[in-house]
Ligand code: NAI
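First, one chain by itself in structure tokens, the form predicted on its own.
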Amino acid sequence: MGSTNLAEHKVDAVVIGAGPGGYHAAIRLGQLGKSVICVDRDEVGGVCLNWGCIPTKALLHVGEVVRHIDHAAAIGLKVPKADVDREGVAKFKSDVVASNVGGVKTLFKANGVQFLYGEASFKSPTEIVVKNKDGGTDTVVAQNVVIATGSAPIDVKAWPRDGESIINSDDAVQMKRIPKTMLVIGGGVIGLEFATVYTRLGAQVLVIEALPQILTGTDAEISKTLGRILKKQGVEIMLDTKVGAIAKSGDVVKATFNGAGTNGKDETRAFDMVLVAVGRRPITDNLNLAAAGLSTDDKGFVAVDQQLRTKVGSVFAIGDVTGQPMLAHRAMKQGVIAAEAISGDKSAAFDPIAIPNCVYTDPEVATIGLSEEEAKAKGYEVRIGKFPLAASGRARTMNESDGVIKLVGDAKTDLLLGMHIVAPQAESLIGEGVIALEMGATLEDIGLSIHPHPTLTEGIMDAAEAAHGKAIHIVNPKPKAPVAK
């Protein structure tokens, strides 16, 4: 589609961004009989398919296989140490990405979605100008616009990225080389996932987190459990520590840091590579939002209502540009809701009880709902049920005994408030917590439900039973004596 006149580009809706939120919105609009154009300056699938969720999980799977090989002797298998072919690993990752991108393109075609490469910006609330890669310009007139431009890694000026030695997550997923030593700045989801990948592939990794815990905001017990497991796997972690100067010196990068991890003294170390993983920022800078009558808050986010409508009635926004949590599955559901609202469904609303969060370390972490700390802060009298993986028959058969399943309940109503898991396949196990929270299940409901044996999911049942002192597979904690008044 090259330069065209206005009349050729009149559609019911234009979606700016082809990431998870954008392609969901575009496909649902097509399903609902709307004429729709989806615009992206990069490939279909956005960050998630091309740079984030999908390629990182492919690399993490490779790392998981390496770990299984390293521990094969424990289950009676004599296997030589894995010889990592970096180019082969990178090809596997790229093949997975290409397959997923191709799948979305097929779905676009099947649902009548036109895709346009280019940089989109507002000319008015209903007019979008698209600058094509060939230098041409398209103008699209649409009754409704969906902003789905996503987010990008935060670059810190003091630590200038060169894409080789000082990198961000986009560079890390390219896997151009495997360093011998690596500093990861940031103990959040992205930092810990790449720490896991590169450790498995042979790097010595140090993670530095400025705050007192990794995965800030996660249940403290879950965070500590993961930290202990990662340290046992060889990942060095420094908490409550800040990174100061970073400077390249020949083939290495020297970094200075100070805090609890260095006993309050400046420490300087040399690394082959430094990954800056301090968060992501919404991408709205090139949209010319003012022409649509819109603006962002001081963090760059666009305000929306439950139908994902901005203050300009014909313009919607979904995904990372609308605020935290910046998660692909949140964007996906928002995309569907926005499309249905555009199509006239007055009941369409984005109002989940809670949104699950998954961290694909090894083992994985998956959480939904309130942590123990959050529940107490909200005034709940909590009832906790925990089940260690060490007591799981299925976990033992997998030689995977590190981890825990923790349920947070309301002691007065017995309602489930949160589910928190450190375990293999935690990302799938958490689905039970999603349904339980949405349907208002009690801990008793979960404990009474017959779970298949032997599985990891029955650990959720055991945790629920433990909350009432009825667990079979662990010694139940003694009930606390009532406090004398």
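Quick note: we count residues from 1 along the sequence shown, nothing fancier. These figures come from a predicted structure and were not determined experimentally.
Omitted here: the form predicted together with the named molecule. The next part is about that form.
Out of the listed residues 363, 409, 150, 186, 186 is the one that sits within 4.5 Å of the named molecule in the predicted complex by at least one heavy atom. With the partner removed from view, the residue among 382, 327, 404, 206 that has a non-hydrogen atom within 4.5 Å of the named molecule in the predicted complex turns out to be 327. From the list 224-232, 373-381, 241-249, 289-297, the contact stretch for the named molecule in the predicted complex under a 4.5 Å heavy atom rule is 241-249. When contacts are judged by a 4.5 Å heavy atom cut-off, residue 111 does not count as touching the named molecule in the predicted complex. The named molecule in the predicted complex is approached by residue 216, whose closest heavy atom lies within 4.5 angstroms of it. The named molecule is not shown here, but in the predicted complex it comes within 4.5 Å of a heavy atom of residue 159. Put simply, residue 277 is close to the named molecule in the predicted complex: some heavy atom of it is within 4.5 Å.
For the stretch 189-218, the set of residues having any non-hydrogen atom within 4.5 angstroms of the named molecule in the predicted complex comprises 189, 190, 191, 193, 208, 209, 210, 211, 216, in sequence order.
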